[in-house]
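In what follows, one protein chain appears twice in different forms, each by itself as structure tokens: structure 1 and structure 2.
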Structure 1
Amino acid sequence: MTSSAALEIPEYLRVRPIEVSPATVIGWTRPEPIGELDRSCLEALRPGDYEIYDEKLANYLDEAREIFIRSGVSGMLRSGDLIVAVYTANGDLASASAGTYLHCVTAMLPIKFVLHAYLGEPTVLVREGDIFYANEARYGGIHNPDQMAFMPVFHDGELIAWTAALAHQPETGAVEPGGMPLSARTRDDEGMKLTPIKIGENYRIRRDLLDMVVNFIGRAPRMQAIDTRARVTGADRLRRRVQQIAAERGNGFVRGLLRELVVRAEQAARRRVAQWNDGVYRTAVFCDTIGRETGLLRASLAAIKKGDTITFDFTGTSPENDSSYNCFPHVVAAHAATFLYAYAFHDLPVSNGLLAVFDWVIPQGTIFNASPNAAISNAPLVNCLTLAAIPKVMAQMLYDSPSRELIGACNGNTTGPVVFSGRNQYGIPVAEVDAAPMNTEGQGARSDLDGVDAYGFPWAHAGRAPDVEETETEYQVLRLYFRLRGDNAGFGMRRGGAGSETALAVRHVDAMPWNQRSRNAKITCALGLFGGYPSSSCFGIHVRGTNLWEKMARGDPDVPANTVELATRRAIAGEYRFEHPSRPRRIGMNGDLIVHLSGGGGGYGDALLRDPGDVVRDLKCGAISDWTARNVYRVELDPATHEVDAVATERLRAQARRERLRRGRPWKEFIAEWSKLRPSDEALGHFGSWPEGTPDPGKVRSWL
């Protein structure tokens, strides 16, 4: 695929020439070189222009986001898992209102593709009033549930900017409902994948093309029709506002303003990076789930920092596999962006100027640079590894710098939600994600603060948990409990925020189909920092044939209020199944209990250095158990009054340090024993050779 370049493209609309492929579009994450026109527009900005109009633009972006949310209907869109953004005429991200920073990377690339391939293509062209639409990861998206509308902004006949609106759609017409099929083996199992196409002209959506899109989404056509219009509505409102600025101040002003946002972010990012110590920072992180199976996957990351640039080198990452747990390189950059935009560079304009400082080395044939035909619909799940690796290396890089307060341990990083369907109590067919635990994971601890309990959804910071009463009113479930998890937040000098736990009981109906797609049960990637522990295991419980309704009708006082009580006291009769949280579709019968755990944030620093007063506070609020206070934090206290015995605590902690010195082995002695170990065969099914991770030539992928 190359540009036909049939028409002469002016300099200010050119993008870097790229041989377009899923492995190469990451090259468009960098800002385009500044052309003569943009340079003269930058120079024409007057003092105060940037400050005033940056703010004005931010208001317009928030307005467009609000209109987008109110126009849409699906859950992820309504909860804010989206972006509305404005771009320079040649496709650089200038500013955004983001509920997730993932799409700072991914919503930009299809725009650059259109500029590259269609601007000069006489059969397509880019004209005033055009509306483009895309959801294909090969052209810059994450996975096909993420659909975007984008529009060129013309004023006085000149193309001066682009706008876009993107949100996750829960249905894609794939081989399974829900848009992220666990059984997908190739791209052909994953449903609708639209290359960037023109879905509208003259500011109107074309009915024939909308019908085509809706026709792909047979399980939820109405939802698709409404949300497609919502995306266009969001992009179009912003288009009008940019035209309004052009009418007030001129086209050159808009060009200058948008370019300035990119330039300022790049300059500030380079200044900040230059303050950090040059060197190589490495980590290896693991997850325990590949599609429907358990198995080890590894991300190896070396961050090479030199001067004002950083190279993220993922050599050593696991080979691509025959499931949908794969992705393309720009998707790794998108997941890195969730940390970079939210933490290390949170105060910069949300533009791709920041991305100028990063280079990416992501070897082909790995889970992060899969073959073009690989299934990739669970790309966000396999990138739990990126969400773990980036904060770890960045903490090592930033600690000895003025940016120390910007580091943070990994957020919960666990939840794949329970998804349920069937008919609700009113007989209406429903399909819903239980977004409660997923939007209440714990935040990682900071150098100076504990993590926030139930802070949100690590992939999309704006996500909000649904109201319990509303869920029970609308769906065929009772929420037995929904609360913070005890002993879940990563232990440490600063503790992580606690994740949540919930138990759903199937109610009002005889049966309810459900499934779950999660991880971090056998090994975790919700890591701590500098001696802080990761958060605790996330597994699943299914209790069949319960007597829950009888107990509630009798008003029994021993109905469990949390998962530990449920699992250890077994006051509810029934058949208990403790299982991996990646659970294929099954039927829950009336009264069955489905327990879903979300993850806490990683801890920070040696737990023996936590202030005993803070440990008591944790104990009082249920964040930790007596056992943890005594055995992990080594605090001696009165069980009744929670009064700390400071002298005994210091004695316990000194004893713990002596125990470490007795148990610990010098390097050579340790390595001699350690290197003889290997994980169970079950764990290594998709790992490749141990420990190198070289692909097993005997495993043939089904798309070959």
Structure 2
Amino acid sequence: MTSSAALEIPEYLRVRPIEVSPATVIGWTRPEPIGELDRSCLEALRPGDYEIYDEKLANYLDEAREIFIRSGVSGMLRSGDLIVAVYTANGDLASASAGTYLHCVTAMLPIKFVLHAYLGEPTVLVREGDIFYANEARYGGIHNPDQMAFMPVFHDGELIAWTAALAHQPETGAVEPGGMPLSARTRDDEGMKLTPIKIGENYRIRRDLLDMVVNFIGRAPRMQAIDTRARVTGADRLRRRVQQIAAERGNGFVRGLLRELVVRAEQAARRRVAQWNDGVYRTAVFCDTIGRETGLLRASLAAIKKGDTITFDFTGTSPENDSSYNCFPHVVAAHAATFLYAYAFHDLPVSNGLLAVFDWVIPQGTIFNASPNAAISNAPLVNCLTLAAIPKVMAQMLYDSPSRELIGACNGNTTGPVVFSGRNQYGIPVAEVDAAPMNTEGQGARSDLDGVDAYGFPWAHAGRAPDVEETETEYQVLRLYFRLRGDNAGFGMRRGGAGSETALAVRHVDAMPWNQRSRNAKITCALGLFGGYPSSSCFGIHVRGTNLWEKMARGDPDVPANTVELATRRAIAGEYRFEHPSRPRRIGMNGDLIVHLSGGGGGYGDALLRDPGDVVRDLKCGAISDWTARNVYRVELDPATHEVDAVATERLRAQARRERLRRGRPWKEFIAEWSKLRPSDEALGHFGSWPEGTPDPGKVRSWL
């Protein structure tokens, strides 16, 4: 009998998936050490080289981005919620044309994974003409709807750079349409998850691998096939442009230029951070849903600033749960970068050199550092907490600094997308996100400016709402109204930007499957700064069995023009359901109305300090109501002229200040009363222990 020690195990039985730890992946967000080759290429740059070719590269990036947008069909892609980027040979982000800064972080991580795992692997390798593809969060992505194509750039046989194109895809073959299923409890419920794989060689996509990818997406195969090619087209155009520079100036020049972009970003970021006050800056923010049910979640953040470095410590954040509202640490870094690139470091190169100044402490087992098999498809929604916490601590850090004007309140990030699927009016299978409300949320206010109304998507500051008439032409919906939402933005000395509201009617088909995800039904995480109000929370309305088409055919004058009219006047017949904005998959019948409310931005400063003339302008444009003008801003209008009554306004504001003083309590007295308060057991079902937020050791999770 042969001993077990003498047995030879075949290679195919020894193969295991390559595992990379969360600490390794978030470590890849920092620039790689500069090698001797890159250092010599840096030193060879001549005066003016950087300035000229940085601008030329930016133009090439914008060209590739526009080609990417024009080549694709999905709503998020056409909205510009994407990135086209160029990377150093070792995977560092050098520059990007970014609709969303989110992917400035994540798009480089699969490249570094390929370099880590496959560069020397003889069955894979990295060759000229290769095309890679990925959407797996464990290897650097956000969640599986975010798909990317990336390509190595060779010239004269030398790997000199990488290019990539990434955009959100509104279908993944998950257990629910839309790729972000509310019912998901493990990764197995979330559909296609591609580790970085090679889908093309010799600059051509392999048909068998494209068919494999499309096969995952049965609800919208046409969209998947077209948008996969669009990603490759965007990455390939940029690849050609980088090779053009190499042909003009040489490989060493390209290496030096790309590395210089990373180095300059780091140097500038360190100089700026060094000007800010050392200290520890703390905040805690909350949301109230994990999609399929309500439940309080908390993100605790301490920002430790010392010298030219900042450590973000998320100790005290709620434990992971068995929903899809979890993520991995690099996803938190990516969401932090969404705000940092746009505000505190808005004028620096879009490079991961900026990220060299940040360290991360994200405890394992929390919603921000979940188990490998946890569901994570709604990672962007749970990171509404990150998008709220980072502006709060950065405002404290920057307030008494030369960078004070770079402070901004939290942008509207309280809504969740409506996703519809089925066959459209032309019989084509579709699955699409209604990107218009998501790209018209309100911007947070600043110390010197109101937030922009309907400014865009909090994940994509340069995004734009798709043409709504094109949406109606392509899909089985009619938009009854689409407008700014009143009393939605955070009030303050500077008002947050108003978000939008819309009502979709099912049209041209008998029925349409749809769902919606959200995370702010009772409280909002779009917080204000320094006394500014938060934005309003969101809710859902579904009107079934309507007589909408009959009323429109008659030309009835009472067809509602906004959500308040729809809800209060009930001019449209039907069954009205007022509900949580997270709505699992259901069937909408022809004529049904689905209301989607998007978030407003946080306010800045004391509302009693707002100029009364600005309050009047807000009234006239519908941003606020008469009630808000009098009861929040304490502005009195002359009933005859509708102009500000300055004397009465000052009297109202003085009275409000006296009321504040009367309600005030000494700290010890306040905290003694406050500490006795406790949310209900129902609210704390996913919070962890109160108030620490530590996991319940007796709670068994479904993926174990």
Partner chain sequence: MKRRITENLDIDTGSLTWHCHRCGGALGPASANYKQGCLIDARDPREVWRPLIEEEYNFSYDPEWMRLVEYYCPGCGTLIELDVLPPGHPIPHDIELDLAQLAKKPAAEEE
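Quick note, the numbers are simply positions in structure 1, starting from 1. Whichever C-alpha set is largest while still superposing within 1.5 Å between the two forms counts as the rigid core. Everything quoted here is computed from the prediction, not taken from an experiment.
Two forms of the same chain are shown on their own. Structure 2 is the form predicted alone. In a rigid-core overlay of the protein, E472 has its C-alpha displaced by at least 2 Å between structures 1 and 2. Relative to the superposed rigid core, W360 undergoes a CA displacement smaller than 2 Å between structures 1 and 2. Once both forms are fitted on their rigid core, the CA atom of R39 lies less than 2 Å apart between structures 1 and 2.
Aligning the rigid core leaves the CA of G555 displaced by 5.5 Å between structures 1 and 2.
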